[in-house]
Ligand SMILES: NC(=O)c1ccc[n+]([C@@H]2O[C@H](COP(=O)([O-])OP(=O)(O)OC[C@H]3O[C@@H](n4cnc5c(N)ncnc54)[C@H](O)[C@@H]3O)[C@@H](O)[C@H]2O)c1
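Only one chain is shown below, in structure tokens, and it's the form predicted on its own.
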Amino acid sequence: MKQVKIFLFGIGGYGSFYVNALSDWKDKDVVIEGICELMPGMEERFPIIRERQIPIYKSPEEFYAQHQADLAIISTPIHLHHPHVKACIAHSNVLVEKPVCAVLSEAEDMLRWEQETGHFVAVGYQLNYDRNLNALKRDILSGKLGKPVCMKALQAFKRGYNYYHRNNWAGKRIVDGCPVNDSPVNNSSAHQFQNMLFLLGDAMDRAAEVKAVEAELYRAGSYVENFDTAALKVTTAEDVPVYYYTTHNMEADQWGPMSEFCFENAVVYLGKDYGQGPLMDYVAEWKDGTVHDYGPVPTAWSMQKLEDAIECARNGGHPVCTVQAAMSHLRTVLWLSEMPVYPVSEEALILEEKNGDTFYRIRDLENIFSRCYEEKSLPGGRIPVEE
């Protein structure tokens, strides 16, 4: 098989998942040709670097001056995706972590660079690559489930002071003069929202276009510049309402994911309780009584996206999560950036100290969002805010 040389750009954050995956990669014709990382001490953190004598560079220009690579994997901060893709795409195909970039003109640049270089840009929303969800999307496209009627999902992770102080851009709108718009919608809980837009796309490598966004955005953490709790109603170009609920400010460490995708002939559930607790499988129930289990939701460390990017770099083609497939999500984030963020009133907050971290919880948020999820509604005043 043709050898595939990989350039890893950023391994201190999510990029560590790629290092660990490639350390145990069964295909020995896939090699890490080099790494670009500014954080010191990576040889100690990842023994593979020293064991395989993988060189580390301070810039992609230094790397490409001495090496070739078939695939560059970019896991750098959101606001740096655009210049980092630009630095790599003339030389390599690119897998860039989600979100694709910070503003629409940057995504349009990436589409143009693909045409000019013949290299692809794939985006790392791992649910879009999952074989089970691809099977669900094919059934949606074939009309097997009927026309989409309504989509809704909820996913949340508890995050506190340490999360927002792990770097200089977490929870920020602007960093060093560049938009970043970091939030649960754009970053930590982005996948389930992206998944709904992707499933509604009119081709396997496209997402549904968005024509309107309604939202209520809240800030509970005093250390957050953007919002950390959100309820969204997004309307697609085909007039399908898409509801999404997410927060960093609840009691449990994780809440969800749960989804309900309503079509003319069937409903697809994730997280439905069939008697033994929430089932983390996507299960379709047709009106005629037919039931089909499409399989479990992939985990955060799912590497189907890496496998697909390697396959396409080796044999041609384009991974399924394209720049276009990520642009509706980006447009939604930019709409949200123009909306007000409401500070939650002090009496509605619970301050929690746990395991050396500080968290803000919104009182009764689980009940509020659960009702909104059932009703397909926004909170509408049920979360008290500062005057």
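The numbering used is simple: start at 1 and walk along the sequence shown. Treat the numbers as computed from the prediction; the structure is a model and nothing was measured.
Missing here is the form predicted together with the ligand; even so, the following discussion is about that form.
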Close approach of Leu217 to the ligand in the predicted bound form, 4.5 Å, heavy atom: no
Contact test in the predicted bound form: Ser259 vs the ligand, heavy atoms, 4.5 Å: no
Contact of Asp228 with the ligand in the predicted bound form (heavy atom, 4.5 Å): no
Contact test in the predicted bound form: Lys137 vs the ligand, heavy atoms, 4.5 Å: no
Candidate stretches 70-78, 107-115, 139-147, 273-281 - the one whose heavy atoms come within 4.5 Å of the ligand in the predicted bound form: 70-78
Those residues of 165-186 which, in the predicted bound form, come within 4.5 Å of the ligand by heavy atom: Arg166, Asn167, Trp169
